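Just one chain follows, in the form predicted on its own, and it is written as structure tokens.
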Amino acid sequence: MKREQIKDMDSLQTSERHGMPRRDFFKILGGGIIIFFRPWRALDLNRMPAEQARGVPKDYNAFLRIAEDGTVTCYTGKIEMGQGIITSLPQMMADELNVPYDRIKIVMGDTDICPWDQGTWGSLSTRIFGQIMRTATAEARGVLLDLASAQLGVPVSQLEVKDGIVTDTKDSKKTVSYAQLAKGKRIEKFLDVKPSMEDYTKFKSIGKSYNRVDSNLKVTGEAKYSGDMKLPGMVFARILRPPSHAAKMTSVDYSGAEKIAGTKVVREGDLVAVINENCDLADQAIVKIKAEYSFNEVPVNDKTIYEFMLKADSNAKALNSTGDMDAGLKLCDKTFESEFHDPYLAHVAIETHTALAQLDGGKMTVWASTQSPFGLREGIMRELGLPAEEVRVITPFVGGGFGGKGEYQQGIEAAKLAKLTGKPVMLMWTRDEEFIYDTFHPAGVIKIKSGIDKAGLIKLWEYSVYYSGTRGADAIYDIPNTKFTHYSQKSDGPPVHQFGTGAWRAPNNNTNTFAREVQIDIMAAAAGTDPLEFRRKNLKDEHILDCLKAVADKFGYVPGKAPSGRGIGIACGADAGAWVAHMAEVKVDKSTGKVKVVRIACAQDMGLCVNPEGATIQMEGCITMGLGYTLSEEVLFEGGKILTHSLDAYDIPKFSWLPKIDTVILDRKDKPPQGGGEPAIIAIGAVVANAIFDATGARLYRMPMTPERVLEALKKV
């Protein structure tokens, strides 16, 4: 996409954010082709049909518009928070329509003009939405060819499309463009036979590396985030927050806040806020409010949470199991029992939760940093009692989410305050609020009992997961006797988690892959077998075997029994439909316990890779983020009170930490695309833990592997 087109797109979206009439919006896009696959009742062309208010649209004009100048606009309810779909989705649409990539514009995350979407998470944008969009676009192409056939007087089978131009293959002088076919008219046509998606052998954009189209905007500071928005008469808000999740306000005195010039205190029930046209004065006013609270704290903290979970009255749910555990135990020459601990983690996105809300003419419009614009719209509808047509959510660029911005509390808060004050309200959470009120990756316990026979084959696998979720908990190895149990919160019981938990990049798979792959390494060492060979011997999954071979080749792996003193670790797993394998080299300072990751290699089988450059960036980002949860990140707490409030206390990866990173994306052009935003993070904890063992003989069972914990493990060697 050309830079001038990027600027046009950004100015277009910015105009929409500031309330441009939708008729003017579509004038900018140009008169377009509106194509329906089945008749709808009277339809407002500028918004989704009522039947599509919640659910994937069936008419593909929801996904695209072809303007009179041949420009194609791609519409998606997905949002851009750094994962790169702002580039890859247009690549997919370009190949499906057979138009040049730089002719595709994209509009994202606007609930009034984009198709409904559940939210941007789970690495679903390409593998699920992308396929839906391609299917819709293929149908649009089929209708256009049908129209061209009628206009040129030749059968569809005799036509071909190149760069948006339909040509008679037997008479190259007979041509008609998509733009000419559109003519700004509304076209209603239904195809009885739906066309197939384009074959991968014909791709021109998919599979080619493109730089991110938003790179220049973000590097130059031109990119607009929710906090950059401004409206006439806008005020800044700060909300009074309790000091603990277990606190309930009993009294409040806000007279001191009202003495700050220009400050107004707003209260509705437990919601107490200050507003001021000056952001700094709002900050000053909120600390002047004096409130008293009652507390109902549970005696648990970051040190005792694991025992607390194991003793809790839990629901025990049996998952998929195979074979017979008693019979499996009899086949084992050696058995192993381990317990793994994982802490609470914060998302620490560079942009905190932010929203700007305006109530104008009875319609609530909210610009919000959220991964779920349609979820926020429904939340506002529910909280304020508004119908769908009176709520619009627009999501500008989002400065990181990692699952944390699937929640949208700040958007609802801003909307409430806008309704109460009658003013546009900007609400930006402070970093302190972000640490306390964001949802966290849940702490959890994993217990594993496993066994091998004399040949080093795994015959027994009993896996119990407590309170941290089951994503990635499958064995992946070829084991005849397995048992899986998930222990979770009882609906009528006291809460185990004392604050909100939720998705954190590849949620729960990090925990489960850490436990599984360390346990595999324990068995490999006990068998006296090279850890790569041990895995190969016990695997049948060709995807993982291919990844292991690719990463070993890239790493230059030389077999050796652990602990070899070299500091080399291996781990593998699967997430979001993709498979990964890692190898890492570490150096351990035995006097300080400090771990330095020297290099990491990762091989990924993600099916069809739409944008290799974008996928590589995501793999590198996963590895970097994974080093944080592996070596340093941990939320400290006492009851419902979060003790970790800032980046001074929560240590995220630094550039000085970064190892040499090598990545391999397996060539799978003939396979469906899979997720690429999360898989490469899942095995970082395990690969580093296994490398530490290879270097020192010390096993670590708890994340993060801080110098203190490494020293403690070394004492046991």
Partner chain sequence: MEETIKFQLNGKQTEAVIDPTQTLLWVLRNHFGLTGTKFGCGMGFCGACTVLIDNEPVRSCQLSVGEAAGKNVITIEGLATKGKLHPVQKAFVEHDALQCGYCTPGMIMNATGLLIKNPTPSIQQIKDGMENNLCRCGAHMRIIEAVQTASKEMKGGK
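Residue numbers count along the first chain shown, from 1. Just so it is clear, the model here is predicted, and its values are computed rather than measured.
Keep in mind the form predicted together with its partner chain is missing from the figure; the text below concerns it.
Its partner chain is not drawn, but in the predicted bound form it has a heavy atom within 4.5 Å of Glu620. The shortest heavy atom separation between Asp280 and its partner chain in the predicted bound form is within 4.5 Å.
Although the partner is absent from this view, Val348 contacts its partner chain in the predicted bound form, with a non-hydrogen atom inside 4.5 angstroms. At least one heavy atom of Met625 is located within 4.5 Å of its partner chain in the predicted bound form. Contact annotation for the candidate site: Lys230, Glu613 and Glu633 all lie close to its partner chain in the predicted bound form (heavy atom within 4.5 Å). Residues with any non-hydrogen atom within 4.5 angstroms of its partner chain in the predicted bound form fall in just one of 587-595, 327-335, 480-488, 426-434: 426-434. Checked against its partner chain in the predicted bound form, the candidates Ile448, Val154, Leu384, Ala223 yield a single residue with a heavy atom inside 4.5 Å, and that residue is Ala223. None of Gly399, Gly142, Gly406, Gly639 but one reaches within 4.5 angstroms of its partner chain in the predicted bound form through a heavy atom, and that residue is Gly399.
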